[in-house]
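Here's a solo chain for you in structure tokens, the form predicted alone.
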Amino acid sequence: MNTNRYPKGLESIQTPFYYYDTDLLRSTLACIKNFENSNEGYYVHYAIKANANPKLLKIIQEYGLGVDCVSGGEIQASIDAGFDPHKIVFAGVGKSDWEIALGLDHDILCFNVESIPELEVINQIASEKDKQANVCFRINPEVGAHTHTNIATGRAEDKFGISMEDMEKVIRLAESMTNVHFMGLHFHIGSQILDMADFEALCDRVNELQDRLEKENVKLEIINVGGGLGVDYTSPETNSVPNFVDYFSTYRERLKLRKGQTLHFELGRAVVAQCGSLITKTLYVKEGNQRKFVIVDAGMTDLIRPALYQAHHKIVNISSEAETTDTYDVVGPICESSDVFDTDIVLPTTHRGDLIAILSAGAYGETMASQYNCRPFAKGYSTEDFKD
């Protein structure tokens, strides 16, 4: 192999599979915890939708992070992994009754509520269980993020959240309910955001809304700014740890918290993306009239981001010793024209049997996999699996 990032023994495993560099994951988590520990009242919740692999969850739990869940299944996975239920926040625009009941049964920190009908159902189910549900309201701040349209969530036309115009109304409604305790506001403007100006704009909007609520004598215990911090998909080896310094500093310097308020973050991609690689084997090298194709045994069923978002992942040949290079399209075996990982990329001259690594695949890879074409799920391995 031509890289020291991967341990010996990968070539003996059935491809495709995910490999997770847990040493890098631990380094990333250490950076996050250093910030959390140095800022009283700041709490980070891992957005489990990014990756729910039990091996990774065990490590993340060891570092004391909370969890951001968007389904009952994610709540259960978090509980099974040993996370503290009192550090679980439950978001999502369509919470089922059984999911709400599960959250109440485990006394989670709060429900991030997205509509009045949802609030009414939570109050009803909590009443039936003789419980009180902690709630924050997800407010749509109408802040556009510089990211792909499919992962922008804070605009007026997006399906998420409650409009700013309705904010006071829903707060007063919650205050009138016997089995609901209103705690604060929740925001999330999108994902894979690299421009700190977007987070600055969110801070300004939160400050504005807080000022507005204070005039109505409404005090907030919690401000939850969601996640969204992006990673470097172009140069992952050089920038293996996201820009946490600028990200957290933006909120510390720009957001005007009130005395006693706690600030909550929901980071997913930034925690796990760079530690994961999809390892796949070259089945064939096919020469067309004008293009050369490296056909691998992984497909959009294993990593759907390139097909779904036109996302870029760096691709490397980790077994070739060739000194020459060529230009290829790297494609999968699925019977869909969109099953393409990348086009016109330069690789060492590639042959049947070469191992290909698709980098930065730790987030929204394994967790979004499907069994289309009756394909089995790719297994996940970690650094610990290759230690003596």
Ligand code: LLP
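Computed from a predicted model, the values in this text were never measured in an experiment. When you see a residue number, it is the position in the sequence shown, counting from 1.
Here the subject shifts to the form predicted in complex with the ligand, a form of this protein not shown in this document.
Residue 13 falls outside the set of residues with a heavy atom inside 4.5 Å of the ligand in the predicted bound form. Within 4.5 Å of some heavy atom of the ligand in the predicted bound form lies at least one heavy atom of residue 267. Contact annotation: residue 229 falls within 4.5 Å of the ligand in the predicted bound form, judged by heavy atom distances.
Interface membership of residue 56, defined by any non-hydrogen atom within 4.5 Å of the ligand in the predicted bound form, is ruled out.
Considering the ligand in the predicted bound form, the lone stretch of 289-297, 175-183, 190-198, 117-125 in range is 190-198 [heavy atom distance within 4.5 Å]. This chain is drawn without the ligand; in the predicted bound form, the residue among 281, 305, 87, 95 with a heavy atom within 4.5 Å of it is 305.
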